[in-house]
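Single chain ahead, written as structure tokens, the form predicted alone.
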């Protein structure tokens, strides 16, 4: 199904590689102007080149999401230039370490929570008024099955994704009478650098490419998407309640 996002403004975090990179590219191919946020300037420039080749347009924002003040000012900058935001894809995240909870260093735990949870909340706070100015605001928050499975040694990451889902659910409940629609996405095992870090012995060729996940995310960004407060499971192509079967 072709999604028409012409004249829509989309913000994607973690856009320099992996799922964020290909989601930004697909959004641009669908007609959206993409605000691409990431730490890695080279990755953003490569993305910009590919978007231009596809006939799209992007604004690059080289920014570390642990810079909370920069997140706070991002919404104001978007308002001054475009007056609204139509699509948010909160994709940026870090894994931390795979380790027993009692062995996790405090600085590692703090960074996982800062990037995955606090920065997501600051981003929501910054752009919520802009999404509400859209006729069909769409917020897509990247989560993980780790939030529900809580496997051994994945404590910080699992906790961070459970917290992010709680933020998304609360935000959706607060805005359910508005045109704004908010969903979390479980992308499943995907061929990304984070997956390779978590599962170093795994053959990446056995995993879906990030572009496959990106296509599903872009479908959720369309004005016709009506679900809110739900979890979308990419590998099953379905919405689910948060209490997993």
Ligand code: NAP
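Positions refer to the first chain, counted from 1. Note that this is a predicted model, so its numbers are computed, not measured.
The same protein has a further form, the form predicted together with this ligand, not shown here; the description that follows concerns it.
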*Any of the heavy atoms of residue 59 lying within 4.5 Å of this ligand in the model of the complex?*
no
*Contact flag, residue 15 vs this ligand in the model of the complex, heavy atom cut 4.5 Å*: yes
*Would residue 194 count as a contact of this ligand in the model of the complex, using a 4.5 angstroms cut-off between non-hydrogen atoms?*
yes
*Is residue 211 a contact residue for this ligand in the model of the complex, using a 4.5 Å heavy atom cut-off?*
no
_Under a 4.5 angstroms heavy atom criterion, identify the one residue in 130, 112, 92, 123 near this ligand in the model of the complex._
92
*So which of 60 to 68, 174 to 182, 28 to 36, 47 to 55 is the stretch with heavy atoms within 4.5 Å of this ligand in the model of the complex?*
60 to 68
*Counting only heavy atoms and a 4.5 Å cut-off, does this ligand in the model of the complex sit next to every one of 8, 24 and 134?*
no
*May I ask you to list the residues of 136 to 173 that have any heavy atom within 4.5 angstroms of this ligand in the model of the complex, in sequence order?*
142, 143, 144, 157, 161
